[in-house]
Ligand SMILES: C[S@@+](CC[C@H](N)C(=O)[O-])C[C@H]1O[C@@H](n2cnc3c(N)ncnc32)[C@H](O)[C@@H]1O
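First, one chain by itself: the form predicted on its own, in structure tokens.
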């Protein structure tokens, strides 16, 4: 990501969510309230003007997005299913006893703002690099801050996650925690991803980690679909290249080496869409704890 500039990808995802709201068939997929909340956040934060928002909330933009879907087939609608997946993970985790939710690289996602009102006894945290986080905080302040939603503006490539959370008086390292990394890991280096998983294993005694990842193509690079060369070139050109990916068959040993155990029983049934894959991990040695709670996402 470009240092000192808000994430272009985060803005693009938020605008795509608005456009997905114009597709009737997505009404049963997109989490309730996400469209209006996203529009308010983009406008109040200054990330997008009303003209841009109105354009993306139009049938014409649906046609444009679908026309460009040839570049990454299925990825347009995949954003809706991705949001639904993480919304489901939060709700099921709270049912299982989680009382603390941490979103890494939150961008302009509104889940923390929406659910912190619905679940006032749960504490929500978001961490993102300052350029995006401070802009988002400006919007949240105008929308109506939540006492149980805490936005932290820190660049995790420069600060250890354990140190960042230790410095926050609201963080409870003894609380059962859900950690979320949505559309984030592919932008980090291999070493940064490994360190992040290790750090996440240390921040809470009882936790699960829900994330998306990009599988590795046979040529060793991230598999961005049939137009891989073009996509990877464009991402590099805008200053937000994909750096990390992993083959699905390598995920379990990777997690085990980082202090986690894969938890496929928590994924539930879903159809792979776009180029991203979903995964849920639990702290190694505590898998049974989550299983005994009997909640599948």
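Residue numbers count along the first chain shown, from 1. Every value quoted in this text rests on a predicted model; they were computed, and no experiment measured them.
Omitted from view is the form predicted in complex with this ligand, to which the following refers.
- In the predicted complex, residue 132 approaches this ligand with a heavy atom inside 4.5 Å.
- The closest non-hydrogen atom of residue 171 lies beyond 4.5 Å of this ligand in the predicted complex.
- Of the heavy atoms in residue 109, some are within 4.5 Å of this ligand in the predicted complex.
- This ligand in the predicted complex is approached by residue 187, whose closest heavy atom lies within 4.5 angstroms of it.
- Note on contacts: among 98, 140, 200, 156, the single residue with a heavy atom within 4.5 Å of this ligand in the predicted complex is 156.
- Between the options 223, 77, 182, 92, the residue in contact with this ligand in the predicted complex by a heavy atom within 4.5 angstroms is 182.
- With respect to this ligand in the predicted complex, the three residues 9, 83 and 128 uniformly fall within 4.5 angstroms at the level of their nearest heavy atom.
- The stretch among 215 to 223, 98 to 106, 69 to 77, 113 to 121 whose residues place heavy atoms within 4.5 Å of this ligand in the predicted complex is 98 to 106.
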